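Okay, so here's just one chain, in structure tokens, the form predicted on its own.
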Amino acid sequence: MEDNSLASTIKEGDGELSDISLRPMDLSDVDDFMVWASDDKVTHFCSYGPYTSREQGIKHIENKVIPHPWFMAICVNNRAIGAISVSANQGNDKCRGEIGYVLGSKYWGKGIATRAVKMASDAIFAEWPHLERLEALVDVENVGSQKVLLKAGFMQEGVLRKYFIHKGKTRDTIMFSLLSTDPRI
């Protein structure tokens, strides 16, 4: 059996966070998914949620996660605590992709999201050689996610004013990018 996970180690004071990996998410992760997908703090900046039923979680995994070309669970000791994905562009824009991620609030501030973004960036540039630029769009109020991207080596490019509608409100967003040729930190 092939191991599709990407593994890394983060040295933390407690052993709980010693094994960080990325692997494909599947229906067996639904209960772990619901921990963050039902959390208002986590879903505040997400396009979905908060979900209130396990059935909503199953439907999301079946319809959005499994068919996605690059969607991984962020795991600690192989237990899903978040997710990360890269969406490919097509045609003249195929040189660009967009990264997005979410992490259970219990794990915020521990370097896990930063490590997952670094792992995913390295993997996607290796797996998709046509990709030259990885972008992330972050709400101007999502300071935690901005810090994750900067620590992962992304460059803040600018603010896109009134760029998208999120949960009924027009929002400003910050564009971040990482090029395949950028030095990795």
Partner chain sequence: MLKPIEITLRPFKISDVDDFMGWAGDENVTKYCRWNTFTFRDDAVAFLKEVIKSHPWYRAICVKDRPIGSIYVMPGIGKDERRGEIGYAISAKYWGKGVATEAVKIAVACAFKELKYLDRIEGLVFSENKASQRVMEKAGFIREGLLRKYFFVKGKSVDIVVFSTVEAD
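The model shown is predicted, which means the values in this text are computed figures rather than measured ones. Residue numbers count along the first chain shown, from 1.
The protein also exists as the form predicted in complex with the partner chain; that form is not presented, and the subsequent description refers to it.
- Stretch-level contact check against the partner chain in the predicted bound form with heavy atoms at 4.5 Å: of 25-33, 61-69, 48-56, 129-137, the positive one is 129-137.
- With the partner omitted here, the residue from D122, D40, E157, E141 that has a non-hydrogen atom within 4.5 angstroms of the partner chain in the predicted bound form is E157.
- Though the partner is left out of this view, R96 does reach within 4.5 Å of the partner chain in the predicted bound form, counting heavy atoms only.
- Along 147-176, residues M155, E157, G158, V159, L160, R161, K162, Y163, F164, I165, G168, K169, T170, M175 each place a heavy atom within 4.5 Å of the partner chain in the predicted bound form.
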